[in-house]
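Form predicted alone, single chain, as C-alpha cells, below.
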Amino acid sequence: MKHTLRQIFRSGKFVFGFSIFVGILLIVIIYPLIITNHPLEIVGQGTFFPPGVYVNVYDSLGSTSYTLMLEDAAAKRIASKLSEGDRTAIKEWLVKAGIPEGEIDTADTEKLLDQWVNNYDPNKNIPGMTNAKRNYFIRLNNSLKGLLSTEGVSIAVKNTETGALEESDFVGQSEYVNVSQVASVRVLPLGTDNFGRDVLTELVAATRVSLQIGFVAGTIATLIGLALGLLAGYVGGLVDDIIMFITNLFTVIPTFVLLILISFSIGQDKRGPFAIAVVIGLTAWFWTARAVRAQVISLRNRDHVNLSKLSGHSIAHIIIADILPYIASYVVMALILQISAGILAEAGLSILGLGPRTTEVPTLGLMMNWAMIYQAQILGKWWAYFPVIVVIALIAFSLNLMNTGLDQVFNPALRD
C-alpha cells in the first residue's frame, strides 16, 4: 500500500490535479467558518453591484477627514463617472450639432467635456432627435455640471423650530477618510448577483453543494456499475445477458435526455440536492458496468481464481477476495470520473431550470441559471457568471488530471 501511494504521488499530473482539488475543498471548508453569513442572504437593494469595497456614506461623514492634495483626483472621478454610453451619446450630439467627427475623441475626457460645455445648448433643435433623447441629454448635462464643479458640498440639517435648513458641515473635494476608521465597511470581492446577494459567499456554498451532489451521484453510479459489472462478468450466461440487455438500453438512450425527463417528472418542490444526486447516479452507471464486466472477464479464468474455485469458495468470496482487488485501481478512477460527470450533469440540469429547488441552497448550476435569467452576460456583469465557470472548469480539470495521473501509474502500457 505504501509503495502504491508513493508511486501515485510521484505522478506530476496527479499531484497537480490533487493540489487544485484539495485547495477547493479547503476553501469550501474554511471560508464558512470565517464568513458565517447565510449564502442566500440579501445584502444589497439592487442587482449586480460591481466588485469592490463598500463604505457606508453616512458613517464616513462622521469620520475624521484628511486633506490630500492629489492633482489627478478630479480627472479620475470624472472619468469613472462618465460611462462609455455617456461618452458615445456626447459624441452623437456633438456630431449632429456640426462638430467634425474626427475632432471628437471619447477617450480624452478633458477635451470631450470641454467641447460639450462650449457647444451644448438644450434649446438647440437637432433634426431627427426625439423628446426622450432630448430629455436624456438634459439630464446628462445636469449630471456633468456636478462633476465639473470645483466646490465642495454643504451638508444641511433642518432646524426643528424654524423648519429652515442650516449648514452643519462642509465636505471639500480634497477631503478623504481612512476606510479603517469608518464604522460600516463591507468588502464584496465578487460583487452581488441579481438578487443583491454576496456572490463570493454564494459561490463557496454552491461549490460545496455541487461537490456533495457529485460525490453522492458518483458513489451511487460506481457502486451500481461495479456490482452489475462484477456479477455479469463472473457469472456470465443468462445473468450476463439480462444485465447487458439493460445496460445496452441505457447506452442507447441519451443520458442527459433521460435526466431531463426524470427531473421534470419529479417536480420543483421535491427536487432537493440529494434527490438530484440520486437521479444522476441512477442514470450514469452503465458505462462503469460495461468496463468492469470487461475487466472481470479477463480475470475470471486466471490461475488464482481457478484455485479459489477448487478450494470450494463461494461466488461472493471469489468476487470480493480474488477479483475485486485486481480492479480496485480502475474502480477508483471510475469513481473520480463519475464525480466529475455528476457535477457537470447537475450544472447542465440547473441551467435548464431542472436542478435542485432554488429556495434552500445554491449550486453552481443554479448560479449560472440565475445569471442567464437576469441577462448578466448581456449586461456585462461578468462577476455573476464567470467565477462559476472558472470553478466548474477547475473542478473538472483537477479530477480529470488526477484520473490521468492514476492511469499512468496503474496502466502498464502508459508507465515510463
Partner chain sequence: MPVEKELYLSASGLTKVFGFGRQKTVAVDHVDLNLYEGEVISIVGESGSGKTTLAKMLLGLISTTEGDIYFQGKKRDISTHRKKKEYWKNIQAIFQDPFSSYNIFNKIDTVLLDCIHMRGGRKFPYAKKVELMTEACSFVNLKFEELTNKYPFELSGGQMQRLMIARIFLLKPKILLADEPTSMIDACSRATILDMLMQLRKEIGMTIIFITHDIGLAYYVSDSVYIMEHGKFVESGSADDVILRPKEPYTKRLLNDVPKIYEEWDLSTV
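Quick caveat: nothing in here was measured; it's all calculated off a predicted structure. Positions refer to the first chain, counted from 1.
What comes next is about the form predicted in complex with the partner chain, which does not appear here.
The closest heavy atom approach of L310 to the partner chain in the predicted complex falls within 4.5 Å. By the criterion of a heavy atom within 4.5 Å, D322 is counted among the residues contacting the partner chain in the predicted complex. In the predicted complex, the partner chain lies farther than 4.5 Å from every heavy atom of N178.
Proximity of N306 to the partner chain in the predicted complex falls within the 4.5 Å heavy atom cutoff. Only one of S314, N159, N142, N131 lies close to the partner chain in the predicted complex, with a heavy atom inside 4.5 Å, and it is S314. Checking F215, F274, Y326, Y136 for any heavy atom within 4.5 Å of the partner chain in the predicted complex turns up a single hit: Y326. Note that among 277 to 285, 161 to 169, 77 to 85, 297 to 305, the stretch whose heavy atoms approach the partner chain to within 4.5 Å in the predicted complex is 297 to 305.
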